[in-house]
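Two forms, one protein chain; structure tokens for each follow separately as structure 1 and structure 2.
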Structure 1
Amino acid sequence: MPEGWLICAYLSEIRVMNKKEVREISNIKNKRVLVVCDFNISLKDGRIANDTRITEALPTINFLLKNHCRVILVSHLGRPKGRDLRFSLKPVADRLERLAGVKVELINDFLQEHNRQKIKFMPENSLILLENIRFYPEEKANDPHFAQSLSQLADIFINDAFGASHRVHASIVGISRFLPGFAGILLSKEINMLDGALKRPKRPLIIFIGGAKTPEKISVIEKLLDIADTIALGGAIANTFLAAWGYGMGLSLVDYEMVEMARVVFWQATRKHCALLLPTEVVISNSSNLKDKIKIVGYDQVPPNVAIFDIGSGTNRHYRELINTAGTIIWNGPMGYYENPLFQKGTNRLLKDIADSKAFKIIGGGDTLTCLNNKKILAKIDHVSTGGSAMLEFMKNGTLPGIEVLQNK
């Protein structure tokens, strides 16, 4: 039996996309609707670095407003430990107000009685945004009482937070015990695009993974070995794999707890006939700011007192050759510490090469979207996903916990 057939059979077996979408709800008019969004955008000096995750939520929000609904928006931002106003959704509320053309009230604590009353008596056709849902530890703990308190604000809930749907949290999964849930327009678009691309991917399927969320991405890589022809790494996650080969990584960001797991993944890659590629050339510096200290070296020549901050042009050349052979390309995660412009080159070169290729191209991720802001180049990408780890996890399992709990058609 051909290998490709096996992969298709594997994917179609686990894929269940029979969820009812918000536009299919017959009696939506005048409803009180809680919409869970992924407004986890990157902030630079308190300003929004990229608002794609907000603009992508507008179709659902506008649809509900047109139907005279009372719309209560819920989202997380970053990973705060308790109530920390550096992670406030205020910049999101301001941007949303401008984009939606409707006043957006930010409710700082929806558990307080006077705020619950305010939400109860909000006029139809209006928008409320609850302050960062991760200010409450109960959110991540998927606490049922907390989920219930949230559910009491509305008649139904809509999940439009594709990027956070891999989290088993109260606002994503727990709430479904108390309210009927439906897919938002963005969520269903993401599912349809990824589902379509993965059911019968044009081969070779090449997946690029970068970024820094090593623990979650490494377990996804393990599963992706089953469907990808090649997985090529960059960013901090590549450092952990290089460390697993025994190379000194100096002061680079390495997740040492994941080194063992990286070794297992290498071994499995060989067994599953999937190529797992690492950067051959890296950009090092002993400070993330000093230009004159930047050097390009081989992966096996990183001195102990410096760190890797980007992939080198040699790695890009290698990856470009690969890109030129691809049928389908999927990419998540920056190739370097892109917040510093000195270390954006590897990521920008990869973007250009992918955009120029004839393959079917999907790119996704919170930080990935932030560092890829060249609209002209992005227009050449077939699907720009709002999900990073969620997108990879969806590719791995064919569904996500936050999708599973929604109502069927």
Structure 2
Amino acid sequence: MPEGWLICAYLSEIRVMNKKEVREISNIKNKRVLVVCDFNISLKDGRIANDTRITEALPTINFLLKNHCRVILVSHLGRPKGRDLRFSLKPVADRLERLAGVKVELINDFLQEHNRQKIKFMPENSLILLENIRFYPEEKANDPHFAQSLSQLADIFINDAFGASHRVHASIVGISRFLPGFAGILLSKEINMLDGALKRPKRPLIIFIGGAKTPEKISVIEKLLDIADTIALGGAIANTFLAAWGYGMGLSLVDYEMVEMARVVFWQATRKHCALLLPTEVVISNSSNLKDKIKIVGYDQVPPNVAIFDIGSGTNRHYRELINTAGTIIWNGPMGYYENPLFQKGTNRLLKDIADSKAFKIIGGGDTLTCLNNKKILAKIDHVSTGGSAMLEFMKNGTLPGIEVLQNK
């Protein structure tokens, strides 16, 4: 990390994080503490694909255990429709128990009286994980009675779930009506890192945005035109912008309802200091399963009977040139259909090029985290954000609903 950025990050921690953090609570010892975490990890055949979000929660958990607290953990996983055990947090409990070195008891239903009594009389230095909070429809509805029932389990609550803090849900926002709320160590770190990179970057500031979720990402791009020196796109969001130029995208994933908005963003970019770049080469195929059907073509040469699945090597070379000039890099979202090994090259090349650069580097996003299985590459990244949509919303607004409700210093 550049020396000047160390100073900026430190100053950011003083000036930006105006919410009280868990380590600043004077009377934390022996408290019953409810910690909201983001354990929304990727599962493959019931096994954890990447445990970054679990390991990033450990500093707060370990701090509380050292202070003899009784720790009740709350998280969601996926988007279950009611109580669906395919989205159970049991794999998270097992992995957390191994990582924390403390027994983790998974409570199936915290609303049942016998479970509430178990939580009430749990011993100090112990961990309880509540089953997927989204098994309860009242969570997403931000139901005040549900939030109150949750709050009655603890003396204070800690928000350490940056990746869920853009949601106005009961465990993120509603609970603050009934308990004093503070920032966890991870949440504080996320805020300071992102805020420093956006407000006091070493320039040039290059931002890569991939993946889908076009409507929310277009609004973020619009905001970042005033901040970044260059914004480079990939994935489905790039397809929508290419379609806005009038190029045929064949069977590619395109949000045609957002094409007109993409044209507006193009027009705005011509009046800003920021350059908005699109892929010059793309990987196409008429099947996502046949290796011999894959071709690399120019962005303006996509036939009507195929789809774009990745950025091509020419785009990677162009983006590498940008990376080599950057002072600060922020990346959110894969460059293609990363779930299929046939279409991982563009994302993997970009990741390696960013990791090898001398810039200050932040990467994040739920889909992006699944790409980070190489620990040598991961060690070269200055900050790995646990947020996907939350990271984008913070980049757009500079705050999140789950941050705003926390207690000030």
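Please note that residue numbering is based on structure 1, beginning with 1 at the start of its sequence. In this text, the rigid core denotes the largest set of C-alpha atoms whose superposition between the two forms falls within 1.5 Å. Keep in mind that what you see is a predicted model, and the values were worked out from it rather than measured.
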Next item on the list: Mind telling me which structure is the form predicted on its own?
Entry: 2
Check: For this two-part rigid motion, what is the smaller part's turn angle between structure 1 and structure 2, in degrees?
Finding: 12
Checklist line | Shift in Å of the residue 275 Cα between structure 1 and structure 2 [rigid core superposition] | finding: 4.5
